[in-house]
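Take a look at this one chain, the form predicted on its own, written out in structure tokens.
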Amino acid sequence: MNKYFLIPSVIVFTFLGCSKNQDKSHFLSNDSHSYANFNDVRISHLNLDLTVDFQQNILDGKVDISIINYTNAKQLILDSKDLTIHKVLLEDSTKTPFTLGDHSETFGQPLVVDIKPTTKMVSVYYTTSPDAEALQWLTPEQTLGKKYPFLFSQSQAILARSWVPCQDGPGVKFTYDATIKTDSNLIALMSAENSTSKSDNGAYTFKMNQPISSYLLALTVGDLEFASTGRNSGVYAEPAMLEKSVWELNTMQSMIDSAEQLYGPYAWDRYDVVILPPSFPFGGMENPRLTFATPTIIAGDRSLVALIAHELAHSWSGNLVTNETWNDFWLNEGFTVYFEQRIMEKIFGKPYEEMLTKLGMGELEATIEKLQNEGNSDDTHLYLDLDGRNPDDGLTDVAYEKGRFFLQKAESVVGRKRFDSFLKNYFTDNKFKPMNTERFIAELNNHLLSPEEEQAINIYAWVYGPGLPDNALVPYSEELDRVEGVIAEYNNNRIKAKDIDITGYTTHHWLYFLRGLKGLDSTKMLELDQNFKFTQTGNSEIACDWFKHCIDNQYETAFPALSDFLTKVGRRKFLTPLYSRLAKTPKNKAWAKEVYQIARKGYHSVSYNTIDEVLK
């Protein structure tokens, strides 16, 4: 999308503002997902002052926006979506003209503010829409405690503009502080310095001194309590969930310590996690200082804590060194999965890491096959072309797992010691800066690889080519190879479910087992369920993979539990494959629509926008 096509006047000012000898050291790549003129005028700091209104489901107040005017431009262009703009003031408190451009369903609309070449700050007074896509407002009945309402935000990828007018591209970094006013029975938390207890008057102040991107702006408000898990880590959760959460996440401090040993000091002071209600659409969101996490990771056996290692790893890859545009998304996620793998290996041992890696390869191969079958082979490249599309389209296992296996390939060629030294310097040298794919490849070639090593890795095939290159490493896991033998025996009817020795099985063993099953029928489905109680499992990862088989084999005994799962869980990773399978037959699609009619109100927009398309 041409970001200026809605307002031709912007082009005039862009060119008028540029001098022949202009310093371009601050320039960022063109971002087709943002209207902002960030190469002319750029945000440097936000000061938010907002009131949380649970009666109307709105945020109301203002944001003071400090700016750097590189080109003496006469307009500041911000991203906005469904915001009501009441007025805009310059720093001398005088009103200044502003206009809102044409509205795009995906990208919102540009907010164009008249400024002077000397302007250092503008104040935007605004109100969010009750339907702001970034914000989910929960009634008391939708929370665990059933007593108070709840609010949480999800700004990634381009939803920050629906609750704060800003330059909503990942390459633009800024500091912020905030005042949030809410009900005194609730606590407000942000991706910033947080209180650990409720205030008497419901007012909270926040400060984020390290520069972040807009997609990392985060706010949650609810009946939450805090407990420490270590020197600079802790957990927030609803009171009834707190004890279980602390037990589940007791390795958080050792994760931080292990990560620092690998790639340098943790730059964000504290690392806390807030366990959100089930409607949170992702597994986790790496908001600085305060990871937002789904309650589906509280499995009761600490088997799903790799998600926390992943979000912690983002404190280096993503939050510290950030993809410059969403086309470069793999630089955030590929690095983070690789880093997560290293943390898990350090804490839980090599066999555990090998299981995660082999499962990851299976997920990647399935994603690549699906995309290629749908005619979307270009989306199996690491570097993407998302122009004109919602950047959520690039949020697939390709960025995560193909990115990880690319880095693993580089490590195998140069050796772990050299690769770790390179990555540690990479994070140190580029901290609090954006990074794009082209510059990262240059970093690899200039600071790590010999010509022979570059050739051995075949960077071009990995980054700009489809699918998996021929030189991809083949993951090995002795633990999962043991399961593979069981799968072969069961699929070929040489053993019954009751004969399978499940001693020592973890979530990862079960996932590999379920994903390998073929040729099931109603007899086998019943046999598996009777022996292993899959329909009753409280583990969401196992439940999702089991329900896929239930749908494919019309095992209707499990459909009430499937309905309950779809109604109570809002995580898009689980919802999308289940609804997609249900949509394949008229009977199941009709059933799914009945469930969805009830469940949709409990989903975040990130989830229901996807499922709306699946069931249309």
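The first residue of the sequence shown is number 1, and the count goes up from there. Since the structure is predicted, the reported quantities are computational estimates derived from the model, not experimental observations.
Missing here is the form predicted together with a small molecule; even so, the following discussion is about that form.
Peer 1: Only one of 512, 462, 400, 176 has a non-hydrogen atom within 4.5 angstroms of the small molecule in the model of the complex; which is it?
Peer 2: Exactly one listed residue reaches within 4.5 Å, namely 400.
Peer 1: Could you spot which one of 283, 475, 234, 149 gets a heavy atom to within 4.5 Å of the small molecule in the model of the complex?
Peer 2: When the small molecule is considered in the model of the complex, the option within 4.5 Å is 283.
Peer 1: Can we say 311, 329 and 395 each have a non-hydrogen atom within 4.5 Å of the small molecule in the model of the complex?
Peer 2: Spot residues vs the small molecule: full contact, yes.
Peer 1: Within 4.5 Å, heavy atoms only: does residue 571 come near the small molecule in the model of the complex?
Peer 2: Judged by the heavy-atom cut-off of 4.5 Å, residue 571 is in contact with the small molecule in the model of the complex.
Peer 1: Is residue 307 near the small molecule? Define near as a heavy atom within 4.5 Å, in the model of the complex.
Peer 2: It does: once the small molecule is placed as it appears in the model of the complex, residue 307 has a heavy atom within 4.5 Å of it.
Peer 1: Is there a heavy atom of residue 321 no more than 4.5 Å from a heavy atom of the small molecule in the model of the complex?
Peer 2: No, no contact at 4.5 Å.
Peer 1: Given that the partner is absent here, does residue 157 sit within 4.5 Å of the small molecule in the model of the complex, heavy atoms only?
Peer 2: Result yes; residue 157 sits at the interface with the small molecule in the model of the complex.
Peer 1: If we take heavy atoms and a 4.5 Å cut-off, which stretch out of 446-454, 375-383, 185-193, 311-319 is in contact with the small molecule in the model of the complex?
Peer 2: Result for this chain: 311-319.
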